[in-house]
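Following this are structure 1 and structure 2, which are two forms of one protein chain, each written alone as structure tokens.
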Structure 1
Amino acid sequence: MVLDRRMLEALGIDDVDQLFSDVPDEVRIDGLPLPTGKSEMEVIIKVRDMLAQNTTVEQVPSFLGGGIYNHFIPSAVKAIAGRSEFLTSYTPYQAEISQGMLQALFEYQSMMSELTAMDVVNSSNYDGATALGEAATMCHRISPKSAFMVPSAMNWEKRSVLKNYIDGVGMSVIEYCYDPYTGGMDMDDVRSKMTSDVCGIYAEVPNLFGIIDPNVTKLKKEFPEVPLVVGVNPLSLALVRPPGEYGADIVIGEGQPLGISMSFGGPLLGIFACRSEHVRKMPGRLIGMTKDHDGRRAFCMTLQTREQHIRRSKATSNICSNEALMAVTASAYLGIVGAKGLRSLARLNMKNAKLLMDRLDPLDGFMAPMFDGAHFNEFVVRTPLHPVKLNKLLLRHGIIGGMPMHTHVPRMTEHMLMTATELTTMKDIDKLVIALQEVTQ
């Protein structure tokens, strides 16, 4: 109490409540309205009852995707990532005592580099959306112009994060249209909007509609001077041509499909890769392999291009952290599944999506898919009911429906994005078809 009084005197106040004098009286409360204390058993029962109100993908079939997916995660992945050496670690500032974490991140970078066919991969960003924002500002550093081209059909959250990133740089966004028949980019619209002020162009494979767009592979040939940013679903790269093989300058993506739980939408994993000639302009940090004083293999952080390590005027990003644990998780997942396993998994995703597509298309009032292009594991369906209403009806039947498209593409008011993964069974599809027939009659 003596110490408390001295603190008050040092602050020049008589009572601790004076610290809150700026808080209006009408929003103040006397004490916190907390319930009486409970035993451990009572707390567990109470929390269990609260959680029981949720409907989870472990209980009912789910056809929801659009960025975060319900994939099978081997138990060994969680066991490895849950070890205290990884789980409690933060940024490995002291390389001499962080060799395990540094090596795990180095392995992540190496495997992602092979998967994307890119020269350099950083040790992660927060998520796919922030990776896009960082990619746009990096394009501005590569080519100091002010316009960045993106698809008009893009997840609204990515668009929002991108806007926050580029506003301070004085950049603007130019949106190009999609082909209403194939779902891919409208190349004529891209050509008409490609001006001398464009510092970069962003395309997704697969895109928001689940389309594997072949036009993306032509962009670098047609616009060789414009930095190309390609957004990927990393799982699809086990089958489709990697962006590094068709000239991508930067590759980004959401790494959640690589062994990371959905967890109500986070934490996620931002993939970020680039060509070696751009590495000095890359955000984040890289882990390198070197030798110690005795000539033994060792790992260290290198090219730490951020304000916490170097002068702010030379920093490429002010993001002071990353998703190291999620990168370790992805590293463990890729190591356990292996190259052949990843290809088999990607094929199964495509196969199940095709099975789902073939069952939905014959239903009255439905059209699946909306676009003629090749799909990965999701596709757009035209529905006879508004997707929000349809999802509510499906939930009553114990089914989590697809993603309503109007939130991302306003004109798509009667369209839903349906997703299938390796966890989608024929029983799930049968249950969905029966429910759709009942609720749309």
Structure 2
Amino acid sequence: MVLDRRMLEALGIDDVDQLFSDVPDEVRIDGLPLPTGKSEMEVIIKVRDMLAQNTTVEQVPSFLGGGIYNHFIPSAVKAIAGRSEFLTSYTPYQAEISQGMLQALFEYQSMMSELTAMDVVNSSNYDGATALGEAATMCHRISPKSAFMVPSAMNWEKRSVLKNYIDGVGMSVIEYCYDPYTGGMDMDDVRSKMTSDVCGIYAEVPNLFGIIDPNVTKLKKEFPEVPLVVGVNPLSLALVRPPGEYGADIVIGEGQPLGISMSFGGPLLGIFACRSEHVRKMPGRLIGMTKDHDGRRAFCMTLQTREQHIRRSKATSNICSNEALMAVTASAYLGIVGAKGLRSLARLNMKNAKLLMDRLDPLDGFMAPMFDGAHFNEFVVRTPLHPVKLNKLLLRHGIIGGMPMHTHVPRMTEHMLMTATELTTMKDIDKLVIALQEVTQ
């Protein structure tokens, strides 16, 4: 594109390079050795063709989950989240001209607060894993001790992120075991490892094995002084008791199941909720209801004194840009499906997972589920072949298999996490069963 000469003339210069006279020769480069620009048409064709090498879960049945799920997204959700007034705006610092985003985020906070039964929800973290990291350091602010208890069976990526987040404040992790029969937490192990150094305990519902473990309700009763952090799948909360009802101090989770596409793992939505009494220790942006100077209802960002732009190195978190549009997407989704729809969807997930389980268990060399606790929409199955190998064979049959467990729980070398959602059909399951019979013969 040509430079606007009128502006150069107004500045009394004839070469735009004069505006770069303060860049010393010593650090200068001579342009960028990238290919020259392309037209929109060429770009679309090139990128579309490149991406066409991907296999999608629309083309073949998939049984993957493990934190990211293939759910149905009502068309209206995309229409709402695609509104360019939302899409192309910045963080709503100027409240008066950003009421739409502010109210939408207040509603997100409100809907997540209802789902989790917690008073306060921030307007998003990057993802579930970073929300966990921030929850742990927040526990440290609530109770300045050095150990954070987590399940030994946890997605390894979360564990790794957690470690990076807590290292800076000198915290470490204590792992408690799972019960090999139920797949829930081993309460005796929790009791034996609980010390006065513990500043927080983390439990997941459903857990890594897909189990809705009733033991979580015991934690606050037995350890009333220890901040309780619960990790949730928000969809399960349509049917499962919310953590606010059993004493959680902080609730975190991955919000992707709420109308957000998988997109190869991002953008995601970190849910972060806490009790009112902890609000000043919380990370992230908060939207509050207020009034304008004429007394009308209005919304604005509040408690910004916790945040980096004011508190700098003393801030509760460094987070600035977050996942606001994903929060709007999740609330549009919740608005459209409503309480009734969400409950229906959660039931369909459970029902389909059960159907899948019942079809896999009788197959030679398979055992499903491995644990006898109640499952939400996924479960661990023992496989006769190494799951990575099995998946490669299934892919040749046009099927995306489940998540191998060994990366998360090293001793689970012949185990796979199989997931069903409302999108899993009988036809998909039939196809899987036939393929499994063939490839394991």
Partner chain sequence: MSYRQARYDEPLIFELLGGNDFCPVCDDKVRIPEEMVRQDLCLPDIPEREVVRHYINLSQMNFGVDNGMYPLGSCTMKYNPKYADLLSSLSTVTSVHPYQDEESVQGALQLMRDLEKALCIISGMDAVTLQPAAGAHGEFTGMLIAKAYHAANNQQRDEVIVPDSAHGTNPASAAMAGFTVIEVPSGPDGCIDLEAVKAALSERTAAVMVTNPNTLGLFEKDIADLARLVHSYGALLYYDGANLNAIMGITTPGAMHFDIVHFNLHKTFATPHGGGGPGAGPVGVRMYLEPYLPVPRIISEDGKYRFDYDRKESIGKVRSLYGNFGVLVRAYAYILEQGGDGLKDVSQRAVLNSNYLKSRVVPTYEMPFAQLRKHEFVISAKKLAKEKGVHATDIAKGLLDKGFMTPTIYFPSLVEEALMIEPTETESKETLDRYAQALIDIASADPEQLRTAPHNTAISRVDEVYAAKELILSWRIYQRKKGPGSP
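Everything numeric in this text was worked out from a predicted model, so none of it was measured. Quick note, the numbers are simply positions in structure 1, starting from 1. By rigid core we mean the largest C-alpha set that fits within 1.5 Å across both forms.
- Note that the form predicted in complex with the partner chain is the one shown as structure 2, not structure 1.
- Core-superposed comparison between the two structures: CA of R396 displaced by less than 2 Å.
- Annotation for M426: C-alpha shift under 2 angstroms between the two structures, rigid core superposed.
- K38 is among the residues whose C-alpha shifts by 2 Å or more between the two structures once the rigid core is aligned.
- Its Cα shifted by 4.0 Å, R48 is compared between the two structures on a rigid core fit.
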